[in-house]
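Below you'll find only one chain, the form predicted alone, shown as structure tokens.
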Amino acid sequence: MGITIRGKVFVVDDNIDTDQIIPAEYLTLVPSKVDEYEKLGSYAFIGLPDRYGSFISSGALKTEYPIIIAGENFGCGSSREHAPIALGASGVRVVVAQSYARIFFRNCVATGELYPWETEERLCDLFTTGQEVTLEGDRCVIVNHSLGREYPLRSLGEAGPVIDAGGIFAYARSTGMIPLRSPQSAG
């Protein structure tokens, strides 16, 4: 978890649900197909209320915000894996929230798309969209360069190496939990 990510933040508040992250009408897109994965990312946060502003510029496939700052219960709603996948496909690497819906947190880990960091402080009231920040995973802090302050994050614990590996199946293969198939045995 020695990741370091620097970039602009996109700030939302409490109870951002999976329909706001990726509305059900886009769930027909298949993330394992490269072109549909990119298209899925282009619809990330399309269900948010207008007061948050634009997450992805018109005509773009990716966002300029690699880090999301959120309040409580981020990712509530349905259990769709498409929610963290859409955010990851849009270019988001990290979500920092006060708390998560547990299924969303698990889907972040299982898919390896996002690092779901938690914080005790209500950063969504302190940060504003567009501020430049650095998340230092090895130190478990996020630095807000605009405010000149750093804020502690909770450790990802055992979830970190799973996300680092690219998700639960990649982690299981890399640790020998799932044997790698040789070309001779495939058939």
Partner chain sequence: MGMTLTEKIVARAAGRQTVEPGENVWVDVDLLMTHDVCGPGTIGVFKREFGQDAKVWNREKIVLIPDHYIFTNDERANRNVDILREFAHEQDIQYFYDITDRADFKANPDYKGVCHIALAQEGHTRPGEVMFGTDSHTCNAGAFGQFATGIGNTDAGFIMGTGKLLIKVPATMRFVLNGDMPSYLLSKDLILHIIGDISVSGATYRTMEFTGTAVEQMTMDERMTLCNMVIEAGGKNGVIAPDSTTLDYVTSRTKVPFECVHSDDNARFFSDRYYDVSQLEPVVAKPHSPDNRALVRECRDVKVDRVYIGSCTGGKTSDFVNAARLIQGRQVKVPTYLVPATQKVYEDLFTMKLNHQTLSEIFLASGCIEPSAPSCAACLGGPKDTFGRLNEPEVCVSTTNRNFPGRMGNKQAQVYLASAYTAAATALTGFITDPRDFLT
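Residue numbers count along the first chain shown, from 1. Not measured: the values here are computed from a predicted model. So that the term is clear: the rigid core is the largest set of C-alpha atoms that superpose within 1.5 Å between two forms.
A second form of this protein, the form predicted together with its partner chain, is not displayed here; the remarks below concern that form.
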Quiz prompt | Among 40-48, 122-130, 58-66, 140-148, the region lying within 4.5 Å of its partner chain in the predicted complex by heavy atom distance | solution = 40-48
Quiz item: Might R93 be said to contact its partner chain in the predicted complex, defining contact as any heavy atom within 4.5 Å?
Solution: no
Quiz item: Can S78 be called a contact residue for its partner chain in the predicted complex at 4.5 Å between heavy atoms?
Solution: yes
Quiz item: Wondering, does N73 line up within 4.5 Å of its partner chain in the predicted complex on heavy atoms?
Solution: yes
Exercise. State yes or no: in the predicted complex, is some non-hydrogen atom of L156 no more than 4.5 angstroms from a non-hydrogen atom of its partner chain?
Key: no
Quiz prompt | Interface residues of 83-108 toward its partner chain, as seen in the predicted complex [heavy atoms, 4.5 Å] | solution = Y100, R102, I103, F105, R106, N107
Practice problem: Note yes or no: does the Cα of N15 move by 2 Å or more between the shown form and the other one after the core is superposed? | Solution: no
